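Given as structure tokens, the chain that follows is alone and in the form predicted alone.
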Amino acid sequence: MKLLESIEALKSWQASVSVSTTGFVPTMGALHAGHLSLIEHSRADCQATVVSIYVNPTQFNNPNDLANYPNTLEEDLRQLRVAGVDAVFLPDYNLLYPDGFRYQVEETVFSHELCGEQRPGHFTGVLTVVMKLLNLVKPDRAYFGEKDYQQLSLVRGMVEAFFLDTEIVGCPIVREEDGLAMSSRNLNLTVADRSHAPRFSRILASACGDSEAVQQLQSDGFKVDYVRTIDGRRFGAVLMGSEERPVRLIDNVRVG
């Protein structure tokens, strides 16, 4: 497995391999089984798989959220070796943002709803970094999880709008045995909150309507950012933990 920490190293590796299809899985590290499932899809579809690890500061509207994001790089690299990844791209801020984030990719409608309404600028940071990574890695396919379904939809729309030669592949949510959607942020939950967190997805799935889901979640001790059903899919975001170190969980389920 090659570790690529510069654009020059990435281009050199690309020139050294002879493959007909390349798959790409962009991550922010703190890898779990959900990420590994994306890698499995890529390895099944493509001759070579590239994974990026980069905690992208431009998509964090809350500095504390960025500061508390888990960093497990050595364990991440171990898992990627076991998973059979061909190359790992490890850029830093100066490499990806030589312009200081002066140039940005912005979607003007759906990115301002749901998570975008609660996290101003979040999806501008997401779309900008994904555009940069796709232009650098030049994959035939890129794999994203359906847990971040709004992100998946926006990335698909961006690729179509700018005629990028990458197929965006959505992969099913991977859940813990108790139903909690796997997320790197789950590592920040206390033992008590981790035990309680699966109630979130259960209420999303079982409530008869959005307002009922909000009421049930609030009664169950969650701080609700939003619950909204769009095109037969119910989206939700809640906060758990203390005010000093809140943990934000998102999920979505098919309803109706």
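Not measured: the values here are computed from a predicted model. Just count from 1 along the sequence shown to find any residue number.
Missing here is the form predicted in complex with adenosine monophosphate (AMP); even so, the following discussion is about that form.
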Query raised in the report: Non-hydrogen atoms within 4.5 angstroms of adenosine monophosphate (AMP) in the model of the complex: do 34, 148 and 151 all have one?
Result: yes
Report task. From the candidate stretches 95-103, 109-117, 139-147, 70-78, select the single one in contact with adenosine monophosphate (AMP) in the model of the complex, where contact means a heavy atom within 4.5 Å. Result -> 139-147
Requested in this report: Name the single residue among 131, 83, 182, 164 that comes within 4.5 Å of adenosine monophosphate (AMP) in the model of the complex, judging by heavy atoms.
Outcome: 182
Requested in this report: Tell me, out of 217, 28, 189, 46, which residue has a non-hydrogen atom within 4.5 angstroms of adenosine monophosphate (AMP) in the model of the complex.
Outcome: 28
**Report entry** residue 203, heavy atom within 4.5 angstroms of adenosine monophosphate (AMP) in the model of the complex
**Finding:** no
Requested in this report: Find out whether any non-hydrogen atom of residue 38 is located within 4.5 angstroms of adenosine monophosphate (AMP) in the model of the complex, and reply yes or no.
Outcome: yes
Query raised in the report: Does at least one non-hydrogen atom of residue 90 fall within 4.5 angstroms of adenosine monophosphate (AMP) in the model of the complex?
Result: no
Query raised in the report: Any chance residue 159 has a heavy atom within 4.5 Å of adenosine monophosphate (AMP) in the model of the complex?
Result: no
